[in-house]
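Here we start with a single chain on its own, the form predicted on its own, put down as C-alpha cells.
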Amino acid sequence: MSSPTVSTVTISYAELKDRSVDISDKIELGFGSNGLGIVSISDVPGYVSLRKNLLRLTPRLASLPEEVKMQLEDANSRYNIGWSHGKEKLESGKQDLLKGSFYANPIIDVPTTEIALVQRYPSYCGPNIWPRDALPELELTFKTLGKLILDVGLLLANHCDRYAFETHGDGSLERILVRSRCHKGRLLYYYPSNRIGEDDSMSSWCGWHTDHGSLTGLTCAMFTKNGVELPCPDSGAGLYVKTRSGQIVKVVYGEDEIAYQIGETTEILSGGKLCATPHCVRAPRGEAAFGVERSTFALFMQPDWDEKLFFPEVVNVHEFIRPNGSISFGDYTEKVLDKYYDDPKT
C-alpha cells in the first residue's frame, strides 16, 4: 500500500528575511503540533548553482581511492569528522554500508584548541579534515553552501522565536544558534541501487531516525548514473516522515528550495510547541533504478556544546534519554552517538 505524497509548507525568501512580517501561521502549519515538522524556503539568491556545484562533487569524493579516504577518517570523533562509510549503525543495529558521508563544520575549521574539550566532545571540537590534494574544490564549495543554509536557517529561527520562544529571552532559538560553534555539514552519497539489492522496506536507503539538533537544512537530492544527472527513476523513492498521528507520508519540495526540519533539541527547548521530525529515505526500485546513485547535503544547526538543555515534562518525540534537570548539548550528543556508533576507546 503506497503512502500519500505531501508538499512542504513553502515560505519565500523575501518574506523570510523581513523581520517585520508575521508568518507564524506558516510556522505553525509546518512545525506545529499538526504539521510535518518540515518547511521549505524558495527563491534563495545563489542557492541553485551552489547546490549543483557541491552535489556534483559527491560521486567524485566517494570514488577516491580507499587509501585516500582512509586519510580522511577520524575514528576519535566516531567518524563524525571527515569521511565515514560502514561505521554508523542502522535501526536494525547492523553497520550502514548503503551510504558514505563527509562531515565538516562549514563555519569554523578549528572550533577550539583546548585539549580537554577535544577529548570530551571530539565530534564537535576536533578540527576539520579536507581532501585538499585529492579534491581541492570541495572545501570552498562545502563551506559556501553550508554558510548560506545557515544564514537562511537563522532567519527561519527568528520566526520560530516569534511563534514559540518570544518569552524565553537569551534562550531564543536564533540566539542559541548564532553563538554556537557546533554546526555540522554532512555531504551524503548513496551507493547505486544495484549494490543494495531489492530491499523493499520503507527505510531501505536510510533508517528511521529523528535528528537530535535544532534545525536541519536539506538540499533536494541529485540522482546520477554514469556521471549524468537524471530524474529520480522511481516515484516511490525519497524522503518519508511520520506525522503526529503516526501516518507515514512522502514529502516533496523543489530542487531550487531549501528544506528545514525540526530536531529534538528545538522540541525540547520549545516545550513541545515545535515538533521534531521522524524520517527515513527509501531507495528507488525496479530496472530503471539499476546503477543510479543519490547525492544530497544536510546542515545540522545545533547549540554549542556547553549550552544547557532543560527538559519539559512532556515532549512528543524523545527516543534517547530523559535526564533529570538539565544536560549540556555536548553530553546529550555523546549519548545519542552511543546508539549509532561503537566507542572508539573499546
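Numbers for residues come from their place in the sequence shown, where the first is 1. Computed from a predicted model, the values in this text were never measured in an experiment.
Absent from the display: the form predicted in complex with a small molecule. The rest refers to it.
Heavy atoms within 4.5 Å of the small molecule in the predicted bound form belong, among the stretches 223-231, 154-162, 182-190, 76-84, to residues of 182-190. The closest heavy atom approach of residue 244 to the small molecule in the predicted bound form falls outside 4.5 Å. Residue contact with the small molecule in the predicted bound form: residue 296 places a heavy atom within 4.5 Å of it. In the predicted bound form, none of the heavy atoms of residue 147 sits within 4.5 Å of a heavy atom of the small molecule.
A residue is said to contact a partner when one of its heavy atoms sits within 4.5 Å of a partner heavy atom; residue 211 meets this definition for the small molecule in the predicted bound form. Contact with the small molecule in the predicted bound form, defined as a heavy atom within 4.5 Å, is made by all three of 218, 281 and 300. Of the listed positions (176, 268, 104, 239), a single one reaches within 4.5 angstroms of the small molecule by any non-hydrogen atom in the predicted bound form, namely 239.
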